[in-house]
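Only one chain is shown below, in structure tokens, and it's the form predicted alone.
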């Protein structure tokens, strides 16, 4: 279940620092990888930054296609997120191996992952020096979607299974906690 998010609010999908699943595709090849180093970068047009190591299959597909998706997984698929992070796409179809179901994006070829609570469709902004020197990719968000059960312009996590994840290393995650509104 997903609903479009206004592009000027797309940064809110990443602002709380969740782990992401980066999906990519080129021709008949596709891949998914886990990435914790993704962040919003700008509002208008919305931009993101993500670190993608030059040795990964995902990176090869992104460089060939010029696009990728950031999928924000929920706690309900935490085991699959960990498994995705421990496999190489060069060894076979990680979607099948990790039992991840996908659906079509609106504006890019990379698939979107079911079991996530938000999705950002992104097109690369060519910054070859940053990509080669720092593995840092900048991209414009061209479409954004979220699960309306948890995002209505702001996050609300009533269901623990739909909370987003934060990777802390060694196979451990924290889930997003309770909302804390501070009046000032």
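Residue numbers count along the first chain shown, from 1. What you see is a predicted model; the values in this text were computed from it and never measured.
The discussion below concerns the form predicted together with another copy of the chain, not included here.
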item: In the model of the complex, residue 179 touching another copy of the chain (heavy atom, 4.5 Å); value: yes
item: Contact label in the model of the complex: residue 82 to another copy of the chain, heavy atom within 4.5 Å; value: yes
item: Distance check, residue 136 to another copy of the chain in the model of the complex, heavy atom within 4.5 Å; value: yes
item: Contact of residue 50 with another copy of the chain in the model of the complex (heavy atom, 4.5 Å); value: yes
item: In the model of the complex, segment of 126-134, 22-30, 141-149, 62-70 with a heavy atom within 4.5 Å of another copy of the chain; value: 126-134
item: Three-residue site 55, 95 and 104 fully in contact with another copy of the chain in the model of the complex at 4.5 Å by heavy atom; value: no
item: Residues in 7-39 close to another copy of the chain in the model of the complex, defined by a heavy atom within 4.5 Å, in order; value: 11, 12, 15, 16, 17, 36, 37, 38, 39
